[in-house]
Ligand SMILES: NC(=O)c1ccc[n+]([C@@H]2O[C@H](COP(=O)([O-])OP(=O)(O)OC[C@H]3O[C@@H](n4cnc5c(N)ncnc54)[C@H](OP(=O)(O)O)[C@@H]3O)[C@@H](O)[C@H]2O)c1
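Quick heads-up: it's one chain on its own, the form predicted on its own, in structure tokens.
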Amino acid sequence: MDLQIDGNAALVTASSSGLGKASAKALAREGADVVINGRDAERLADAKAEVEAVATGEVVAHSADLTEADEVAALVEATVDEFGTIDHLVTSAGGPPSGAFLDTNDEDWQHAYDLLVMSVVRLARESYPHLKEADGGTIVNITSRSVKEALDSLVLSNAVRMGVIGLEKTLSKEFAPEVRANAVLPGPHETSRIRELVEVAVERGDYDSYEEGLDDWAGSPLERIGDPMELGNTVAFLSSPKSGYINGTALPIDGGSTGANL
């Protein structure tokens, strides 16, 4: 399917690894010019090479800390300087640390809010003038299935990510009809983070093999863990005219593992 985004400009945050990188690859493969983002220079350079390997457009890497307002503004400005506009904004951020409620302090809460919510607030605000002028501007927020079903020992993710969904729904109304806003809610995918956790568990003797450990992460009716590109492909679809009547939606991508009806 031709997603009709060839030559569009996309900014994908936290895209030096994981689901952000998969989203950048999917957009780049469809012909979009893409700015990728991360904080670690070496990892960002490796990700740029990986995205360029499948790209038919231009790929630019820009380092920025998403918890710093001035760096977010500079990231948006750099994207516009490179490509002249922003047609598609994909927001992603590393997850906050795990822990129970009584084990988290005020600093933990503030950092999680800055990372997960204020980064999206600032990115949307800075990008909006350009998205509005685009022919079919889109925002896709990568959050977590934890907004549908609270997960054990993830109080920060369970609570704070809900703010992103409220924001996404609001923007889907306030920015329409020029800009559509949607969210994706990933369950476990075979990212480098999960591979690392499984490998450590194998070394610890919890599993006899990597495959056994990975199977333990699955927990879905499909009986497997997700491929990051499956999420990336969905993000690219939601960024394209092919999904033109989808707006204000929070779409679980978890193989059916979430227990919530809605």
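Because the structure is predicted, anything quoted here is derived from the model rather than measured. If you superpose the two forms and keep the largest set of C-alpha atoms that fall within 1.5 Å, you have the rigid core. Note that residue numbering begins at 1 and tracks the sequence as displayed.
Below: the form predicted in complex with the named molecule, not depicted.
(message) Although the partner isn't part of this model, could you tell me whether S172 comes within 4.5 Å of the named molecule in the predicted bound form, counting any heavy atom of the residue?
(response) Close contact is absent here: in the predicted bound form, S172 is far from the named molecule, nothing within 4.5 Å, heavy atoms only.
(request) Answer yes if any heavy atom of S15 is within 4.5 Å of a heavy atom of the named molecule in the predicted bound form; otherwise answer no. (result) The answer is yes: S15 has a heavy atom within 4.5 Å of the named molecule.
(message) Since only the chain is shown here, I'm wondering whether H88 would be in contact with the named molecule in the predicted bound form (any heavy atom pair within 4.5 Å).
(response) Flag for H88 set to no.
(message) Against the named molecule in the predicted bound form, would S192 count as a contact residue? Criterion: heavy atoms within 4.5 Å.
(response) Close contact exists here: in the predicted bound form, S192 approaches the named molecule to within 4.5 Å, heavy atoms only.
(request) Work out which of the listed stretches, 94 to 102, 127 to 135, 162 to 170, 76 to 84, brings a heavy atom within 4.5 angstroms of the named molecule in the predicted bound form. (result) Of the options, only 94 to 102 has residues within 4.5 Å of the partner.
(message) Whether V147, D227 and S257 jointly form a contact site for the named molecule in the predicted bound form is the question; each needs a heavy atom within 4.5 Å.
(response) No: no residue has a heavy atom within 4.5 Å of the partner.
(request) Tell me, out of L123, I142, I139, L156, which residue has a non-hydrogen atom within 4.5 angstroms of the named molecule in the predicted bound form. (result) Going through each option in turn, the one that passes is I142.
(request) Go through A26, L66, A32, V35 and name the one with a heavy atom inside 4.5 Å of the named molecule in the predicted bound form. (result) When the named molecule is considered in the predicted bound form, the option within 4.5 Å is L66.
(request) Give, in sequence order, every residue of 35 to 54 that has a heavy atom within 4.5 Å of the named molecule in the predicted bound form, or say none if there are no such residues. (result) Going through 35 to 54 in order - heavy atoms within 4.5 Å of the named molecule in the predicted bound form - the hits are N37, G38, R39, D40, R43.
(request) Tell me, please, whether between this form and the one not shown the C-alpha of F237 is shifted by 2 Å or more, with the rigid core used for superposition. (result) Not so; F237 is displaced by less than 2 Å.
(request) Please check if A61 moves between this form and the one not shown, taking a CA shift of 2 Å or more relative to the superposed core as movement. (result) Comparing forms between this form and the one not shown, the A61 CA shifts below 2 Å.
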